[in-house]
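Starting off, we have a lone chain in the form predicted on its own, written out as structure tokens.
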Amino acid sequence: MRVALVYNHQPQTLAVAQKLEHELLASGIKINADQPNVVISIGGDGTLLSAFHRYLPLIDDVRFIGVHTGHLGFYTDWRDFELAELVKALKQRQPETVSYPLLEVRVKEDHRVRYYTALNEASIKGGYKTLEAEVDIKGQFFENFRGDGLCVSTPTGSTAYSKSLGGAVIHPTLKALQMTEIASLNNRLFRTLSAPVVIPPDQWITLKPKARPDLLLVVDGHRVRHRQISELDFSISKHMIHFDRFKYTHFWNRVRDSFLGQDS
């Protein structure tokens, strides 16, 4: 087994990372940042997002484990005081592996095509002006959108930016995508659905924005610069993210604890 550690630089996290590395080496587990079988993220959900994008080229062959050093996250099962138990489990037990869908974004710019993969979501925004875009679903015209932008999320991303836009919370084992509007413009001349849209695995969303140099594409919180985007396709990726689960926290308990409080 080869393990890579990814962590933020908060003092508490650095201390946990140092302790975990010592525990792993003492148990005979190799630390290998270049070709790991298992990636352990230490911090929060943002740290795991960073780990995901760092090891995206190895996504089919690597499994992730999250250790949180703050509030309970949706991608983190282990607490910072459970390091010895985690290392013992890695050494002695075969974990259950769960896999969640990813989002593939295909961007057409002039005569070039580029691809991106998102764990949570991708959004397109109009910059300083209103975004105007034709929206097609599975190659069929759906609507003409006008507003600040559109967000397409995975089920795991449904509890992040999409939820703040009024999107539904979707269980992460469902293979689906969700499109939510960002401040759509609706009046007598312009009309959008004004509701989230959930897309099954055999369909895709195509956006054809009015050509402008200031359109902003954001993938998992990172801005991606393009000069002239003529078309974007959002679909479920053929790849998935895999998590080692030695113990399981019920998804709806995570939702309750994160948004309603443990006593709700």
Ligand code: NAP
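Numbering starts at 1 and follows the sequence shown. Here the structure is a predicted model, which means the values were calculated and not measured.
Keep in mind that the form predicted in complex with this ligand is missing from the display, and what follows is about it.
*Report the residue, out of 39, 67, 49, 229, that has at least one non-hydrogen atom within 4.5 angstroms of this ligand in the predicted bound form.*
Result of the distance check: 49.
_Position in contact with this ligand when the complex is considered in the predicted bound form, options 102, 152, 160, 105, heavy atoms within 4.5 Å_ = Among 102, 152, 160, 105, a heavy atom within 4.5 Å of this ligand in the predicted bound form occurs only for 160.
*Pick from 73-81, 190-198, 130-138, 168-176: which stretch has a heavy atom within 4.5 Å of this ligand in the predicted bound form?*
Checking each option against the 4.5 Å cut-off leaves 73-81.
*Although this ligand is absent from this view, report whether residue 180 comes within 4.5 Å of it in the predicted bound form, heavy atoms only.*
Close contact is absent here: in the predicted bound form, residue 180 is far from this ligand, nothing within 4.5 Å, heavy atoms only.
_If we define contact as a non-hydrogen atom of the residue within 4.5 angstroms of the partner, is residue 209 a contact of this ligand in the predicted bound form?_
No, no contact at 4.5 Å.
*Any chance residue 164 has a heavy atom within 4.5 Å of this ligand in the predicted bound form?*
Answer yes; at least one heavy atom of residue 164 falls within 4.5 Å of this ligand in the predicted bound form.
*Is there a non-hydrogen atom of residue 184 within 4.5 angstroms of a non-hydrogen atom of this ligand in the predicted bound form?*
Heavy-atom contact with this ligand at 4.5 Å: absent for residue 184.
*Who in 101-123 is close to this ligand in the predicted bound form, meaning a heavy atom within 4.5 Å?*
The stretch touches the partner through 120, 121.
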